[in-house]
Ligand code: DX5
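Taking the form predicted on its own, here's one chain by itself in structure tokens.
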Amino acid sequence: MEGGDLVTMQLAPSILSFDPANFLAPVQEVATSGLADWIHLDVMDGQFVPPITFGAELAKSLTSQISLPVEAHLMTLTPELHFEAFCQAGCRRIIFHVETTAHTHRLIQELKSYGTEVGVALNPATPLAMIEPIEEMLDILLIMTVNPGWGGQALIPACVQKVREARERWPGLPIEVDGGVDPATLPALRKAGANVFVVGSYLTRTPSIQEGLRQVREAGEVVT
């Protein structure tokens, strides 16, 4: 298990809610804002979740034009079929769902062979016990705070307690949260122990992406 910096809050803006006809412009705005730490790619296959989004070619295009590291969140039924492509596309971290495989340990080993950071994601109804056998292998745990598949959903309140329990179990493990993150919900998630925040649709409702990121970061920085 790699501890990482659990004191400093990190923001990982998702591109899911941006206009797919012009992903590059908002991603460049995020990258040059100085307020984000990662770019988060929600990769959906139409099977594990109903929507279909984008693949490794988009990831390759973005990583070639921005300096921020990119993480791929594979909401796909067979994530191992996409590991190599996203690693070759320049993604620094790959996250897959434990619900998609009976071979979590083997899949983590495969990802580590590519030299990438490795995370697993849990749906809201998936218990934390699912990662106990592989906890020492993880670079990050992603806790979904909405049901995966669509942006713009409201945070499920019970997930805050799930984050709190995860932090109590794994005090040195970076915990990322994805879903319904905005200035109103972030403080509770931060107090519960999350330190990496995926923010998406909120950035489309603010005067600018930079202003939205500033508001989200300020909401987290006031938490003690």
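Residue numbers here begin at 1 and follow the sequence given. If you're wondering where the values come from, they're calculated on a predicted model, not measured in any experiment.
Heads up, the form predicted in complex with the ligand isn't pictured, but that's what we're talking about next.
Colleague: Can you tell me which of 124 to 132, 82 to 90, 141 to 149, 111 to 119 lies within 4.5 Å of the ligand in the predicted complex, counting heavy atoms only?
Modeller: Partner-contacting stretch among the options: 141 to 149.
Colleague: Under a 4.5 Å heavy atom criterion, is L62 part of the interface with the ligand in the predicted complex?
Modeller: It does not: once the ligand is placed as it appears in the predicted complex, L62 has no heavy atom within 4.5 Å of it.
Colleague: Under a 4.5 Å heavy atom criterion, is V199 part of the interface with the ligand in the predicted complex?
Modeller: Within the cut-off, so yes.
Colleague: Is there a non-hydrogen atom of M44 within 4.5 angstroms of a non-hydrogen atom of the ligand in the predicted complex?
Modeller: Contact with the ligand, yes.
Colleague: I'd like to know whether G193 contacts the ligand in the predicted complex, with contact meaning heavy atoms within 4.5 angstroms.
Modeller: No.
Colleague: Any residue of 85 to 107 with a heavy atom within 4.5 Å of the ligand in the predicted complex counts; write them all down in order.
Modeller: Contacts from 85 to 107: none.
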